[in-house]
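For reference, the chain that follows is the form predicted alone, supplied as C-alpha cells.
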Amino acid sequence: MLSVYFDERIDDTINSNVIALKNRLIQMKINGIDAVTSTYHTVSVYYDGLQVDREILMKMIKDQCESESPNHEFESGLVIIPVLYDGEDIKRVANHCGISVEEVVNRHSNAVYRIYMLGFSPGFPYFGGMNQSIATPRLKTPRLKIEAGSVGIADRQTGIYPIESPGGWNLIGRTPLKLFDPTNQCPFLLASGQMVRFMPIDHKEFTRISETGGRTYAREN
C-alpha cells in the first residue's frame, strides 16, 4: 500500500484535493492497482507488487499530485436526504444542549453538509458542517444493534448508519433511503465530496419512500 498525506486537518479544500487525486488515479486504470480509498486528508493506493513496480507507481502518483487537472466531483446542487426525526436519543440531545426537540431538528436540518469520507461500515458517511450547538457526547455504553438508516450525532459529527450494526452515536432520526445495497451495480448511494442537506419528513412520507426501495433522492439547485 502507498499513501499520500495532505495537511492533517478537516478542511473543504484539502478534502477536495484528496478526492480529486483519488478520482484521477481511478480514472487512469493502472494495471496492478486493486483499490484507491480516501479519508479526510489521505489517499491510499492498494496494489499488487507482482503487476506494477513500486517505484514506477510512486512516480505516477507523484505526477498526479503535482497535476492541476480540474476536479469534476459532482453536478451542482445539494443532495436531499429525507429524515424522520423520531430518534430515541433526540430528547437527550435537546436536554444536553438546553434547547427544544424542535430546535434540534431545525439546527440539524438547516445546515449544509459535506461528505468528507465513507468508512466505519460500508457506505457510512462522515459529514462536516454540523451546527456545533447540537454537539453531544457519544453514549457511555454503545448499543449492540442500531437499525440501518439511523441518523446520529457523536460529539461534533453527524452520520448515518448504512447497515445494522453496533454503535454509540445519539440517535435523532432515521432515513428511508438505502445507503448500502450489495446487490446493486453501484452499492453505495452516497460518495465523498457530495454536498447534503437533511429534510424533515413525517411517518407517511417515510413509508412512501421506503416502499419505493429507498434508492432515490432529490437534488436542489
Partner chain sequence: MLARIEIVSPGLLSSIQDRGRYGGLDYGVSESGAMDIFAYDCANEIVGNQKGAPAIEILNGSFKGLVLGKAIICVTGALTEMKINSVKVRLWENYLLNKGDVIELESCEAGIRNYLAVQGDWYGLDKFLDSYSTDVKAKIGGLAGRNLMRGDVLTVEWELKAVKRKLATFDDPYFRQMKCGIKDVRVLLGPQEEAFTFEGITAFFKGGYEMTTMSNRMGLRLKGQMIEHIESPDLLSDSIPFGAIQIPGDGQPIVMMADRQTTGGYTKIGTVVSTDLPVLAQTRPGELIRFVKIELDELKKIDSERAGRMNMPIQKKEETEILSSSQFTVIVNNRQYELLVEELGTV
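Keep in mind that what you see is a predicted model, and the values were worked out from it rather than measured. Numbering follows the first chain given and starts at 1.
There is another form of this protein, the form predicted in complex with the partner chain, and it is not shown here; the text below is about that form.
Undergrad: So if I measure heavy atom distances to the partner chain in the model of the complex, which of the stretches 188-196, 148-156, 59-67, 169-177 falls within 4.5 Å?
TA: Careful reading of the contacts points to 188-196.
Undergrad: Mark Gly123 yes when one of its heavy atoms lies within 4.5 Å of a heavy atom of the partner chain in the model of the complex, and no otherwise.
TA: Heavy-atom contact with the partner chain at 4.5 Å: present for Gly123.
Undergrad: Residue-level contact is defined here as any heavy atom of the residue lying within 4.5 Å of the partner chain in the model of the complex; does Lys204 satisfy this criterion?
TA: Residue-level check for Lys204: no, no contact with the partner chain.
Undergrad: Applying a 4.5 Å heavy atom distance criterion, does Val36 contact the partner chain in the model of the complex?
TA: The answer is yes: Val36 has a heavy atom within 4.5 Å of the partner chain.
Undergrad: Considering only heavy atoms, tell me if Val83 and the partner chain come within 4.5 Å of each other in the model of the complex.
TA: Heavy-atom contact with the partner chain at 4.5 Å: absent for Val83.
Undergrad: Using the arrangement in the model of the complex, list in sequence order the residues of 1-28 with any heavy atom within 4.5 angstroms of the partner chain.
TA: Met1, Tyr5, Glu8, Arg9, Ile10, Lys22, in sequence order.
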